[in-house]
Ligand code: AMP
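The chain that follows stands alone, in the form predicted on its own, written as structure tokens.
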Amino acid sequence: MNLHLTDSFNKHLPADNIQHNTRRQVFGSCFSFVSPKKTKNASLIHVSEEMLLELGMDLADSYTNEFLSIFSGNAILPKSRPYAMCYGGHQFGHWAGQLGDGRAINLAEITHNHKRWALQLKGAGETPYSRNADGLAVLRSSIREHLCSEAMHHLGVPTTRSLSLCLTGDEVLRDMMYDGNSAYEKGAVICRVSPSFIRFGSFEIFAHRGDTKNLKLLTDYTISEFFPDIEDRSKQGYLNFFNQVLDRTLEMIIHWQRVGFVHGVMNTDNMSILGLTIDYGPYGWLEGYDPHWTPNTTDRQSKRYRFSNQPSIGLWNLYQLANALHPLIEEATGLEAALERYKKEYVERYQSMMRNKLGLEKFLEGDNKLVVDLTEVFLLSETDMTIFFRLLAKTEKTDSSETVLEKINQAFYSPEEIKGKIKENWTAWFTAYLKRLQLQDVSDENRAIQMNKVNPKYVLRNYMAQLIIDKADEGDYELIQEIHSILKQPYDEQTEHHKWFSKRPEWARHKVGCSMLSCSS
């Protein structure tokens, strides 16, 4: 295993001058050096072959003791100095102060084929930022993050990646639902991979502490390494940086809305400065279309991070980043203009995304109403979002509204409810949709091809992840490989795997891990 180390974050930015791994407030530093915790009896459960190749390795490397030792936390890469990053953040709308990598340890940065990758172990033990936690992770949450990271990549959603999933051989005590019922679970470690793990909160911590010197150092480093087209370090350069972060964040959230993904905990410490989906905690996928659904038990009452609110939270988080960068820009006009642009462009890009999902070739008057009417009719009867859009591609211009209703019938959780006024509303929408299709020249076949490129057939449904977890708890890891393979081609028919193109089973409706999750991992 020969990786090309090219560390920069821990060489160009200030380090914590305290070497002891004790929980504390860390000032004037971007990170603290710390080593992973050695595990009792590590074993490799699964590895992403694609990420192996991206990093300059192959499948044979993953079979070695060296690979297992490094990516389970029992050894470090030669000439590397692992570290945990310091950052703050707003959690559920309130400033939480210092947070940091409480259970993540960065192993190193490497380059391969002119790409840079930071390798980070999650669940590898305590750091100065662990607060009252143990810095460990359990198998169930590690499986969910490992699989979803790769699933999102293949869906075309900007995301961090995952290289490997290891069992540690240790038991970890967790109160999964925060209800006083703690239990021991299998410990696990994943290796997360990303060009960088810098977050909004990385900038916020310095701004809130009035540390403009280190705020500037971090911002200059981030621009130099990841936004190289911004050449100047003037106020305008920093404003350009903010605008690019805003654009990437907006693009990411549009993709979330496109595929029905709900992050669940969009705190500013969980927002990547590169516009990547990061920190897969209590995430979930819309089963029945419900704009008010959140998978996070902690958010059950306020539903701050519900599906429909993700675009607004993205904007709110960008406001916090704007406040953090203000000491470098020293005037608000440009930042305010950028935030106003977000509002306008979100509406435009959302409408464009929805037209693509509906197979509408170009914008015509009335399209926006068609989209709004669809989201309203969705609420009349529980309707699976993924299945609906995938089956809608089978619509032909010569169909009647009744025929289309029959074609998408599988998307309804209770087909018997589609009668009376509910049926009238559905058929009215299909009538309007069919009329709209008559106004474009594209053939039914070509429209279906284009729709199937943006409407996935397979996503990591909540119940699928739970089935994998249940099997893994028994020591059976075959389902991990099967689902991982399916999710690498989410837009393909894969008729041999058609059984996974199905609605949430009734047993999963209220099952923990399927309908609601906690941040406990």
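Nothing here was measured: the structure is a model prediction, and the numbers come from that model. Numbers for residues come from their place in the sequence shown, where the first is 1.
The protein also exists as the form predicted together with adenosine monophosphate (AMP); that form is not presented, and the subsequent description refers to it.
With a 4.5 Å cutoff on heavy atoms, L99 counts as touching adenosine monophosphate (AMP) in the predicted bound form. Contact between T386 and adenosine monophosphate (AMP) in the predicted bound form is not found at the 4.5 Å heavy atom cutoff. In the predicted bound form, no heavy atom of L380 sits within 4.5 Å of adenosine monophosphate (AMP). A residue is said to contact a partner when one of its heavy atoms sits within 4.5 Å of a partner heavy atom; H208 fails this definition for adenosine monophosphate (AMP) in the predicted bound form, lying far away. With adenosine monophosphate (AMP) left out of view, the stretch that reaches within 4.5 Å of it through heavy atoms in the predicted bound form is, among 386-394, 123-131, 370-378, 405-413, 123-131.
With the partner omitted here, the residue from L360, L136, C166, A151 that has a non-hydrogen atom within 4.5 angstroms of adenosine monophosphate (AMP) in the predicted bound form is L136. R174 is the sole member of R140, R447, H255, R174 with a non-hydrogen atom lying within 4.5 angstroms of adenosine monophosphate (AMP) in the predicted bound form. Interface residues of 250-276, taken as those with a heavy atom within 4.5 Å of adenosine monophosphate (AMP) in the predicted bound form (partner not displayed): V265, D269, N270, in sequence order.
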